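The data below hold one chain only, encoded as structure tokens and taken in the form predicted on its own.
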Amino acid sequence: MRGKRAIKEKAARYLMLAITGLSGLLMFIMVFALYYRSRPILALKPLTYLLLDTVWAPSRGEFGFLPFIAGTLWVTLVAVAIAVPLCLLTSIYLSEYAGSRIREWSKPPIDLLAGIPSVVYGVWGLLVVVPLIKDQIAPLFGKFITGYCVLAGGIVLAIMVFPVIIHVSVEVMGYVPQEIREASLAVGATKWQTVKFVVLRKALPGIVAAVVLGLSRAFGETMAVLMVAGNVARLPKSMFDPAYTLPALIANNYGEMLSIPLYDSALMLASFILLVVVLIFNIISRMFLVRIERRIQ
């Protein structure tokens, strides 16, 4: 009986190990497949040229990715600039000031934000954010635009990354030992001084990880940004200029005009660049989370 049980446990352990290994292997397969499909254009044009060229004209064999990379960075950075202060203040309140009832009641709305499909955010952006920018915000700065711009994409993305940053930040602050807070209060520090100089300092790596996770989510978002950012393939110079992101480029064009030489390979290269950047963001966030776990232990 013991022998059969040991065999079953060993088989189960190896099965779970194989499934875990397969899950990790899938990422390498995706990276290799995208790189392999990108080789035709990389064989003809240097990567630096493709990344830094500003002309996107597939019919003439011009595949400059800089407008799409710049558009992605503009929209993502605007989203993070809006989301980080709001999420940080919300996380501090939920972790340090709110009562248990408020914390419990706040979880469902935050979880609901995480579960709403991106196309719904896009429709909301079309109906609310775009007209608001066109009629109210842009005229304040002397701009008269359609409302489809970097700022519209940034606002929609900021709301989409709220749940990611808030959840991780609240969890990280919860890891800070209560004894440290009590020691700070015991020596005469106020509640806010304790939060500012003790809790936030101790939880800083985890908060940075939360921001990086939100950044990676924003960087790869497609539908919502596609619907409100304008989709004009030129370098944005301000928040009120239209932008064209890498995910929107792939979603808009894949499956069309693939008879043009190198067009398919160019879109695969865009997917490869996007995947590599998101992987880097996630690796950085994981490093920060490991660091804070070691510091707290």
Partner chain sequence: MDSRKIEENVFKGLMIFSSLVISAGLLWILAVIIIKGLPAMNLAMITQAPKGGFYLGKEGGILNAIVGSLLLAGGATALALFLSLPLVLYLNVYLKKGARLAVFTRFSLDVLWGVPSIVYGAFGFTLMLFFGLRASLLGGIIAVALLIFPIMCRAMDEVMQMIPQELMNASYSLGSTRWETAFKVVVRQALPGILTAILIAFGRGIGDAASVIFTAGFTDSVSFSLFRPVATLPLAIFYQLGTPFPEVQARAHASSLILTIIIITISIGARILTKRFQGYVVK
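Numbering follows the first chain given and starts at 1. Here the rigid core means the biggest group of C-alpha atoms that line up within 1.5 Å when the two forms are laid on top of each other. A quick note: this is a predicted structure, and the numbers were derived from the prediction, not measured.
Quick note: we don't show the form predicted in complex with the partner chain, though the next part is all about it.
In the model of the complex, at least one heavy atom of Leu127 sits within 4.5 Å of the partner chain.
The partner chain is not drawn, but in the model of the complex it has a heavy atom within 4.5 Å of Lys191. Under a 4.5 angstroms non-hydrogen atom cutoff, the partner chain in the model of the complex has Ser271 among its neighbouring residues. Mapping the unseen interface onto this chain, Ala81 falls outside it, with no heavy atom inside 4.5 Å of the partner chain in the model of the complex. With the partner removed from view, the residue among Ile250, Ala70, Ile41, Ala233 that has a non-hydrogen atom within 4.5 Å of the partner chain in the model of the complex turns out to be Ile250. Out of the listed residues Val212, Ala203, Met227, Ile133, Met227 is the one that sits within 4.5 Å of the partner chain in the model of the complex by at least one heavy atom. Picking from 154-162, 70-78, 204-212, 133-141 the stretch near the partner chain in the model of the complex, with a 4.5 Å limit on heavy atoms, gives 154-162. Relative to the superposed core, Leu25 undergoes a C-alpha shift smaller than 2 Å between the shown form and the other one.
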